[in-house]
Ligand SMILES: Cc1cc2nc3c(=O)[nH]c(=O)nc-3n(C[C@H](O)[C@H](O)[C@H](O)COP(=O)(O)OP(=O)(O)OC[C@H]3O[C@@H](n4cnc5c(N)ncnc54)[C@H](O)[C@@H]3O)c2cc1C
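Only one chain is included here, represented as structure tokens and corresponding to the form predicted alone.
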């Protein structure tokens, strides 16, 4: 098995497969620790990390415990809250974490190594080719890559899983990626020190505040900083050189985000990424599979990034083991169907959520229409934002 990319999807998949006794090699182009955005988890992530064995190390890292979220969104003028433990069904984890990704991702990748996966840093995957596996009807793969010193590397595997994130190594090669015309956003973000915290139980919650230009996230972190980002439509975002003034002007037009940052100091330069949502025309093919952001990416409003990455890794691990045991790729095709349906449900909810002329109750009822097995509309909403869709 070759996994390209050692982020949350790749490292989780590597740990799950290695714990099952498979030979796994992870090719990671960067050297960890490395910076990454996307710091807010949901409870379903903890379920996956418990299965992979990585949870004890994550639990002991000192990350802030996240019990829910605070939203200034829709027609209700004041912020409204939700808590993961409000779900009617009792789940093992009714909390999550706000993580510093450089620390979190390094924990997951090192755990994959302790499980038996080989991890190669500074390796850039380049070419992919189908290759029959001798003595079987299985189509494997040949991969060529470049080591950190420029030396070429050639590997063969029964399956290559692309977990290269938004870089989308195979999605780009095979032109699989289709961008969402509605969710074409840009994220502009920075880190602040000495920001005020929300009161009481909400001190570690994520705050999302909608405004005319888009919406702000505000995520407290255990290192004493806050991640504060603005999501805005691509057509509203100025050129790179003008983004500081744009960002600071947007902060002043906010209400709750501005108040929390009134005595804070920005301690990093502004960063910006194209936050375009996309889906693939397929996730599985002869000799390859896509998982995590290499396949799908959707708007971060519900902190689904790491959840979808790790959940797709868990589903991929199950499909790979079943396919290898049966000698047929049917389980890989089933994996594709399941992941596309999962992401599609969140995409449907995000489309509705961006109709900001609704009340919290409208959002609860929309969730209930998607999860009719829930106890009531609020329970459906909590299950959805917790990642609890039963896959």
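All of these numbers come straight from a predicted model, not from anything done at the bench. Positions refer to the first chain, counted from 1.
If you look for the form predicted together with the named molecule, you will not find it shown, but the lines that follow are about it.
Q. Based on heavy atom distances of at most 4.5 Å to the named molecule in the predicted complex, which listed stretch, 79-87, 132-140, 303-311, 151-159, is the contact stretch?
A. Comparing against the named molecule in the predicted complex, the contact stretch is 303-311.
(Q) Exactly one residue in 67, 30, 50, 361 has a non-hydrogen atom within 4.5 Å of the named molecule in the predicted complex; which is it? (A) Going through each option in turn, the one that passes is 30.
Q: Answer with one of 317, 163, 96, 112: the residue that has a non-hydrogen atom within 4.5 Å of the named molecule in the predicted complex.
A: Selected residue: 163.
**Q.** Every residue of 6, 217 and 276 near the named molecule in the predicted complex, heavy atom within 4.5 Å
**A.** Looking in the predicted complex, the three residues 6, 217 and 276 all sit within 4.5 Å of the named molecule (heavy atoms).
Q. Is residue 37 close to the named molecule in the predicted complex, meaning a heavy atom pair under 4.5 Å apart or at it?
A. Yes.
Q.
With a cut-off of 4.5 Å between heavy atoms, is residue 247 one of the residues that contacts the named molecule in the predicted complex?
A. No, residue 247 stays farther than 4.5 Å from the named molecule in the predicted complex.
Q: Answer with yes or no whether residue 190 is in contact with the named molecule in the predicted complex, where contact means some heavy atom within 4.5 Å.
A: Close contact is absent here: in the predicted complex, residue 190 is far from the named molecule, nothing within 4.5 Å, heavy atoms only.
Q: Using a 4.5 Å heavy atom cut-off, state whether residue 284 contacts the named molecule in the predicted complex.
A: No, residue 284 stays farther than 4.5 Å from the named molecule in the predicted complex.
Q. Taking the named molecule in the predicted complex, which residues of 113-132 have any heavy atom within 4.5 Å of it?
A. 123, 124, 125 sit within 4.5 Å of the partner.
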